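The form predicted on its own is given below as one chain in structure tokens.
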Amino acid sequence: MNSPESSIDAANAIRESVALATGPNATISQDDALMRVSTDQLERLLHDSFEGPAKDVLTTGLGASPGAAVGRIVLTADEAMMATDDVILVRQETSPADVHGMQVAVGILTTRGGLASHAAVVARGWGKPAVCGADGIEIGEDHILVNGERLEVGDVISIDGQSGHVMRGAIGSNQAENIPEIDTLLSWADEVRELAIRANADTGEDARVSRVNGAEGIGLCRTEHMFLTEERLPIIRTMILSSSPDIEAKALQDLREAQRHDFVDLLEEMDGLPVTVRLLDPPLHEFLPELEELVEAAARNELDADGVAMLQAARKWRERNPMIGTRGVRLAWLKPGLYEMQVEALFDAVQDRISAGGQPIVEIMIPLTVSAKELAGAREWIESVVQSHPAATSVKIGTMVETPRAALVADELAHHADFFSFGTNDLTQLTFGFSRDDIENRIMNLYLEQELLEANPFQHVDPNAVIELVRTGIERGRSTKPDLPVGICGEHGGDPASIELLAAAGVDYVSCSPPRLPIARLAAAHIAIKARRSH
């Protein structure tokens, strides 16, 4: 846990480094000033932190999104919405149906899931403290048990998204300190770095924060996050449940109009910079209520006709391994209307922005492809929409490389891709055979304690097999297209150690959550300076 002194020391170190490199009496170069400041020092100033050493620790999970949060326990997203004071949402794991509660909570605590889980990814995108996979917590109807100690709904707890500590009561905290020297330091970093830095952003507000934090575009817009509001979920559920082509078409049209407005906001905030839109990726069952909850409600005779239909749909779409099941482009082959709708909505928004005098730059990314024919077919759908659209303009169509097979057949995929983006979260999962939702709170600590692994591969990209697949994918892709642009859009894009390995592998840009952008910019500058000095 960061102490107040460490935050003060970090601020002083940055102030001193900038002062020594500023003005006519400067005693060090700007490069030297950049190298004197570590990414850890910078990070200490970007998030709230608790005062002093950890105390009253109830349990410890994974520090999934840094920052300090103090609030009253709530167990559902609806309870969080109704709360009048600060709350921490405690769930076994989160899903799209919880997003409205996650937005208003000051912190998120889950008993399952790891650094690449839904709760972790969403929280990092918002800069909201989160602890995932917390051991020893059982959730009841109106209380939680933490290693046998009962805490009621409404009791106050504190969570540290850096250390993973969950603490009893309210712990005093230090506010993030945005000293002006940070902006000076990062402007110097931007002058020397060669690696481009983009953001993972899904809304206009995400894009605004990203641009303020120095993003040079959006490397990943996860369009499924646009369906997660209370207004959107019923529409996409109607589409999933529909047995009639007419009802499905109506639902898709409603979704098209909703996404059009989302894309307009995004493109307006990022005017003149590239926006990479990933078409729908997660399995359809994620948009449905939990099967177990529906089964229990049915047993109590609490389901109406719509509830019965929802139960049938949840049973139909349930998969034993949904993360490697019907998702990504596979979903599009089952329901091609989804991707067509999204591209139509995107180019509706492009037309709106052009009419308003904007300069939209869009890239469309097809997720989870594993074969050239699969990618070629999906590209044809997209091109047919683009060519028939009144706002037709130049657009890049690329793919995510998320499986070992995709990396190994990258030379074939490159024939049908204008760019690659490596999804290192899934690539890590599939290379190790580690479930990104389960492995970290069950096995990872043991493996690290026993030194069976050197580091958590979801935190720091694996320097052997995963980086080798990235390097192989880049080399093979560029053997087909020598100038093929390549980025990465997993959360490794905000981790300095991973950025260094990825840059060496040949990526052109990294993309990370908006709060991590300053860290990535400084890390990229360090890489460039070290490379220059080594020659």
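Remember, it's a predicted structure, so these values are computed and weren't measured experimentally. For every residue, the number given is its place in the sequence shown, counted from 1.
Keep in mind that the form predicted in complex with phosphoenolpyruvate is missing from the display, and what follows is about it.
Using a 4.5 angstroms threshold between heavy atoms, M400 counts as touching phosphoenolpyruvate in the model of the complex.
Looking at V510, you'd find every heavy atom of it more than 4.5 angstroms from phosphoenolpyruvate in the model of the complex.
At a distance threshold of 4.5 angstroms between non-hydrogen atoms, D462 is out of contact with phosphoenolpyruvate in the model of the complex.
The closest heavy atom approach of R278 to phosphoenolpyruvate in the model of the complex falls within 4.5 Å.
This chain lacks the partner; the member of T369, T110, T424, S158 within 4.5 angstroms of phosphoenolpyruvate in the model of the complex by a non-hydrogen atom is T424. Proximity to phosphoenolpyruvate in the model of the complex, taken as a non-hydrogen atom within 4.5 angstroms, holds for one residue of R237, K128, H416, R327, which is R327. None of 333-341, 217-225, 97-105, 261-269 except one has non-hydrogen atoms within 4.5 angstroms of phosphoenolpyruvate in the model of the complex; the exception is 217-225. For the stretch 477-507, the set of residues having any non-hydrogen atom within 4.5 angstroms of phosphoenolpyruvate in the model of the complex comprises C489, G490, in sequence order.
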